[in-house]
Ligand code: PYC
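The form predicted alone is given below as one chain in structure tokens.
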Amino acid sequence: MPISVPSVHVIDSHTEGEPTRVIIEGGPDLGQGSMKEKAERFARDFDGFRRSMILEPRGSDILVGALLCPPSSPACVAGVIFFNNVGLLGMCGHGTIGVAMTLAHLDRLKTGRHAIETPVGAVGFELLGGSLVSIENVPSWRYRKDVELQVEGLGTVVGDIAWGGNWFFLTRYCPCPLTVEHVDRLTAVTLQIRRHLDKHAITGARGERVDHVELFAAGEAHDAHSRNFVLCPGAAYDRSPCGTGTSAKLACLAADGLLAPGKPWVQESVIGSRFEASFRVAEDSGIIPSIRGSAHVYSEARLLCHPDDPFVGGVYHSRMTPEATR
């Protein structure tokens, strides 16, 4: 569906270096129903809006969008649909921290505990004051351990498949240091792993696509437990330590008995930013992760959407074709 609004009010923030664009006003009316139903409607009927908000010239490949919607649950302060350069995300940890700080910036929330409703469930968070936010993610768990891949050009790659709000393949396979100087190589390697997962139909528990790949190694800071590189859907990598990726990592550590409930875990990103994390045991199975990080609002704007603009629907730009990044 083409863009039919003259302007869209957005607020941009970054969480530990990873940007979030929150749609405050001007988004499509998704009607009634659950957040899962609204997300399906958004993907089916309003993909042009997603593209316009996130792709060039109004956005960039690294942006994550967050569309505010009325929640179906009165216990939640807002409904949120997260999306990126190629489609929708189930949940987004850094994005939730960004949404929380944006709502605080608008003076819609005070310090204390709140919750948002996402297509994969309610996500609690606490405004801690200043730039700090702590989120309590959806139940996370490991699905498969030590999955062995024979990846063309890479050889044997062994990793776990886990859910942290999105599906992840997590591996110690690191062809080079996990630093910004090597992001081109790291991006190429993680794309190759994801293509192998797709080609061989290696999926989540119900056949879902494993669309995030996380490489991890020892942390560089003296108090960091691990450093990661996370490839998101599309060819973009996460500048933050990735909230859902950290949740999936905690689920694997808990399953192996390597991290006790309540014990802190410091996760570094490829740029050196960090989340402080811990977990509690879920009532049914798996864990409930808690992730703490900082977000900063840096821009507020109205994006103009003129119907005679030939690029009002956005232009996909990447060093790789859209097909290669999927």
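Quick note: we count residues from 1 along the sequence shown, nothing fancier. The structure displayed is predicted, hence computed values, not measured ones.
The protein also exists as the form predicted together with this ligand; that form is not presented, and the subsequent description refers to it.
- Assess the spot marked by I116, V123 and E136: is this ligand within 4.5 Å of a heavy atom from every one of these residues in the predicted bound form? The answer is no; none of I116, V123 and E136 reaches this ligand.
- Task: Look at the stretches 92 to 100, 192 to 200, 150 to 158, 221 to 229 and give the one with heavy atoms within 4.5 Å of this ligand in the predicted bound form.
- Result: Partner-contacting stretch among the options: 92 to 100.
- Identify, from the list M53, V270, V64, M35, the residue with a heavy atom within 4.5 Å of this ligand in the predicted bound form. Exactly one listed residue reaches within 4.5 Å, namely V64.
- Examine N166 and determine whether its closest non-hydrogen atom to this ligand in the predicted bound form is within 4.5 angstroms. Result yes; N166 sits at the interface with this ligand in the predicted bound form.
- Task: May I ask you to state whether D238 is within 4.5 Å of this ligand in the predicted bound form, using heavy atom distances?
- Result: Judged by the heavy-atom cut-off of 4.5 Å, D238 is in contact with this ligand in the predicted bound form.
- Indicate whether C242 is a 4.5 Å heavy atom neighbour of this ligand in the predicted bound form. Heavy-atom contact with this ligand at 4.5 Å: present for C242.
- Go through 15 to 40 residue by residue and record those having a heavy atom within 4.5 Å of this ligand in the predicted bound form; state none if no residue qualifies. Only a single residue, E18, comes within 4.5 Å of the partner.
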